[in-house]
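Before any questions on how it binds or moves, here is one chain, the form predicted alone, in structure tokens.
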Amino acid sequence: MSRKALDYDQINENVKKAQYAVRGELYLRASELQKEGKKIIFTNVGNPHALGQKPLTFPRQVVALCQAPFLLDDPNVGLLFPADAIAKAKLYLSYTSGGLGAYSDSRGLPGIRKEVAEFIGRRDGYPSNPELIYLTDGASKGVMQILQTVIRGNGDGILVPVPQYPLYSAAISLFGGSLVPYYLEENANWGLDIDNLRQSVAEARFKGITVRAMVIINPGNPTGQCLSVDNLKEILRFCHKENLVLLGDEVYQQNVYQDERPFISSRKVLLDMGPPISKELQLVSFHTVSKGFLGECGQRGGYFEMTNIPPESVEEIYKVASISLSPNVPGMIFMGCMVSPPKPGDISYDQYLRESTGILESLRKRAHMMTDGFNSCKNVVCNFTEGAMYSFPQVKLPPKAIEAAKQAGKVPDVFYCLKLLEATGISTVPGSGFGQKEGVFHLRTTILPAEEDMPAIMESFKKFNDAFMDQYEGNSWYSRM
């Protein structure tokens, strides 16, 4: 029988090469165990509502009214919804051509793009052009759209931080490009070394790869570090000198748990630096409603903003966006509520402030609880989660454990994480899914489990880990605490 187009050996090789560890072997095994009745704590993905975070009231009220506009005609609507939510819903419906069920402009609703531009202007101190802002189905779709535009073939390379969020490695493989890693320094709190960057570019060019772009994730995923202004200036100068477009993944900009390095956007630092770099460096920045204190992952709302991109290239990006007709409109409404929330004096302001502040304060506490918990364990060391939603502890696996993993046909940190899952129900992601230096092993877990559940989760982890280390090593062990 002749081979068919969708037989496994006939499909696109780039599809086979793409790997996404966040929903990989560990997640699939966790799902199987859950079907068998085992309680699973899914800390493998930054999915706040799945781990008990409550939705903010105001955005849900606005979207509810937009989804069911007949409620606005009910004379009793004011008894159920506050006046500012009603006004916001009417405003957003006026932006559409037929409610939430109608396609929008392929770049997103112009009125909400204007609100995003105003948000960026307030944040950075420089005006933003709504015509250079595209609303997307989450930040991931925007990242993929830009990578697809940048990558012309396997001779094109993208600089990506390692450890990295596997969206980048997967998308680069899918589009037939080459990932060029630059390693973050764990001993320097996952800092970035410009000499390491230069070396990565030189090695890539020696292999015949044209390095076209650089990715930064700030705050970091999975590593949780926050970049300083000096870090960002170094990166911007490097990209300018090497003629690289900078892709700024800034989806965790609201998730900062220390005061020494508040979030500052790449765009603000670039424009502060002034000409010629502020007029020449190409920058694309990404944001989402999935993170921060909204945590509305399932709503798929995001945007990207382009800086110093030629008009002809913007037109091509618009053409590609048009192929999908329209981003989802409810996601845009959530984006509007995120960038244009209730203001002081509005009816919903106090509740909105109380809810959002409460979430961020609790996340800060959980970041400390998880870091301290990991550092109390045998052979585990963990840098503090300065930002984002994850801890990325290093697990110093004994030689006997590495040999046992080899015998089982598993990568050592996958072996460890599978044992952890089976014993405790805690579903994590092995560090090998994000990239790590040879012979060093990690796992990634979110800091999202409920604050009241965190002590029991960390105690469960410690009990498993210390027993695992005793089994494979004996009584010789290391702890930071």
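Throughout, we count residues from 1 along the sequence that is shown. Only a predicted model underlies this, so the values are computations on that prediction, with no experimental measurement involved.
Omitted from view is the form predicted together with another copy of the chain, to which the following refers.
Peer 1: Report yes if any heavy atom of residue 165 sits within 4.5 Å of a heavy atom of another copy of the chain in the predicted bound form; otherwise report no.
Peer 2: Looking in the predicted bound form, residue contacts with another copy of the chain include residue 165, since a heavy atom lies within 4.5 Å.
Peer 1: My question is simply whether residue 76 lines the interface with another copy of the chain in the predicted bound form - judged by any non-hydrogen atom within 4.5 Å.
Peer 2: Contact with another copy of the chain, yes.
Peer 1: In the predicted bound form, is there a heavy atom of another copy of the chain that lies within 4.5 Å of any heavy atom of residue 81, even though the partner is absent here?
Peer 2: Result yes; residue 81 sits at the interface with another copy of the chain in the predicted bound form.
Peer 1: Find out whether any non-hydrogen atom of residue 462 is located within 4.5 angstroms of another copy of the chain in the predicted bound form, and reply yes or no.
Peer 2: Residue-level check for residue 462: no, no contact with another copy of the chain.
Peer 1: With another copy of the chain left out of view, choose which of 41, 454, 45, 26 has a non-hydrogen atom within 4.5 angstroms of it in the predicted bound form.
Peer 2: Partner contact (heavy atom, 4.5 Å) among the options: 45.
Peer 1: Of 268, 212, 378, 410, which one comes within 4.5 Å of another copy of the chain in the predicted bound form, counting heavy atoms only?
Peer 2: After the contact test, the surviving option is 212.
Peer 1: So which of 185-193, 258-266, 295-303, 399-407 is the stretch with heavy atoms within 4.5 Å of another copy of the chain in the predicted bound form?
Peer 2: The contacting stretch here is 295-303.
Peer 1: Within 169-184, which residues have a heavy atom closer than or equal to 4.5 Å from another copy of the chain in the predicted bound form?
Peer 2: Contacts from 169-184: 170, 174, 175.
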